[in-house]
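Shown here is one chain on its own, the form predicted on its own, set out as C-alpha cells.
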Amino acid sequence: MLIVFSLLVSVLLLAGCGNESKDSGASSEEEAVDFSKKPIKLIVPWSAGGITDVTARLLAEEAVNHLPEGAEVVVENRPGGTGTIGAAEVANAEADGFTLLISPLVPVTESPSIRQTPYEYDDFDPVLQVLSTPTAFAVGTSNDIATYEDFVQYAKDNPGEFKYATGGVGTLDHIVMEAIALKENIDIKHVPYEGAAPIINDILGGHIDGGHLQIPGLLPYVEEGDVRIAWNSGSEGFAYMPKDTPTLEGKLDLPEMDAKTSIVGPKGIPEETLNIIVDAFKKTMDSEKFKEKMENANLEPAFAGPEELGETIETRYQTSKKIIEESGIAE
C-alpha cells in the first residue's frame, strides 16, 4: 500500500549539497539535504492494519506539518521474513535520510541472531523511538490459568502440552516466553502466527492455549470479558493496561522488554539530516492532534532520541542473543 502526504516545497539548508553514499564517510557539516527532491520513504516491514502500520500512517500524516516545508512522507509496507525483508531494504539504502524503517526492534535486534540476514544489528542508525508498548500473556476466560504461577504449574504438570502463539519465530514475545521456559525449566510449544488478529481469534475459539502479544490488540477483548491477561511482561505505567495486572518483576532477570516501535535508518546518515528528521518527528509526537489520534487507537507515544534508542538496541540485541543461544531456537 502506498499513501503519500505531500505539501508545498522549500529548499533547505546548505546550498549545493546532495545525497552522499552510505560509504562516503563525509562529515555532517559538508552535507545537507533537500527534502523537496523526493519523498521520505517510511518502510513498515509488516502488513497493513497492524499497530506499526497505524502508527506510521498517523505519524506521516502529521509529520509533514513539522518537516521542512514541502516535504513528502510515503508509507510503504514490505511484509515478510518477520520484518527482515523491509529491514534489509533499509539497511542497503543510501544513508541520505530518505529511506527509513519504522518497526518494533525485532528485525534489528532479534532476527540477526535467529536466522541469516543480509545485515547485522549495527548496520542501522538509531533515529527515534515512537512507542514503548508492554507485551502480555493472555488466555481465554474459559481457561483455568489466571496467573503466572498457574501457568508454570500447569506446564510442569503437563510437559509439552501447552501451546502458545506469538507473531513469529524470534519476535520479542517469543523471546520472553523462551526466557520463562528456561527460568522455570518447563517444556512448552511455540506456534508462530501471522499477526495478532489470528492469535486472538484462535484463543477465543479454543484452538490455541494462550498467546503472548502487545497489549493494544487485546484490550477490546479484555473489556468484553472474552480474554484474560495473566501477566504483563513489560513495564508498568502504560495508560491502557488493565488495573492490577501483575508484572514479571522478581520472576525474570531481564531488562525492560516492552515492544519499542522505533525509526532507524541506514548506517551513516549525516548528522545535520538526522537532526532535522528527529526534530520534526519529535514535534509531531508532541502535537495534540497526533496524541489524540493515537489515543483513539489505544496507543501512547513514548519518544526517545537517537542516543537512548541506540542504548536500547544494544541491550536488547545482547539480551535476546543470549536467550536465543541458550534455548536453541535459531533457525
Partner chain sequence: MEVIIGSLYDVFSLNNIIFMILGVTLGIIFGALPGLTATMGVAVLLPITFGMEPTTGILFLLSVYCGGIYGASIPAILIKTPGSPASAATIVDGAELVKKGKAGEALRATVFASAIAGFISALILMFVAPQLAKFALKFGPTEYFAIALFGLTMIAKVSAESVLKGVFMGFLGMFVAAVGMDPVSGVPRFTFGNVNLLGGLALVPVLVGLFAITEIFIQSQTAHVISKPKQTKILDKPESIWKLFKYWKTIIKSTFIGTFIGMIPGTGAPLASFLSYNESRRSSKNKKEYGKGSMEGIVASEAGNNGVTGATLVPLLTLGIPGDTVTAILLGALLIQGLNPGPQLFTEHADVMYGIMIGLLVINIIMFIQGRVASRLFAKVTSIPMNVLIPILITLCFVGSYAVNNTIFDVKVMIIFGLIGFVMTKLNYPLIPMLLGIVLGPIAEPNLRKALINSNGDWSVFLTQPISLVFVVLSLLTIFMPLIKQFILRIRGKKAAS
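Please read these numbers as outputs of a predicted model, since none were measured by experiment. Numbering follows the first chain given and starts at 1.
Not pictured, yet referred to below: the form predicted in complex with its partner chain.
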{"item": "The unique member of Lys293, Lys267, Lys282, Lys38 whose heavy atoms fall within 4.5 Å of its partner chain in the model of the complex", "value": "Lys293"}
{"item": "Gln214, Gln129, Thr84, Ser113 - the one with a heavy atom within 4.5 Å of its partner chain in the model of the complex", "value": "Thr84"}
{"item": "Which of 243-251, 149-157, 100-108, 113-121 lines the interface with its partner chain in the model of the complex (heavy atom within 4.5 Å)", "value": "113-121"}
{"item": "Any non-hydrogen atom of Pro220 within 4.5 angstroms of its partner chain in the model of the complex", "value": "yes"}
{"item": "Non-hydrogen atom contact Asn201 with its partner chain in the model of the complex at 4.5 angstroms", "value": "yes"}
{"item": "Ala91 within 4.5 Å of its partner chain in the model of the complex, heavy atoms", "value": "no"}
{"item": "4.5 Å heavy atom contact, Ala302 and its partner chain in the model of the complex", "value": "no"}
{"item": "Non-hydrogen atom within 4.5 Å of its partner chain in the model of the complex for each of Val54, His190 and Gly205", "value": "yes"}
{"item": "Partner contacts in the model of the complex for 44-83 (non-hydrogen atom within 4.5 angstroms of its partner chain)", "value": "Ala48, Gly49, Asp53, Val54, Arg57, Leu58, Glu61, Glu76, Asn77, Arg78, Pro79, Gly80, Gly81, Thr82"}
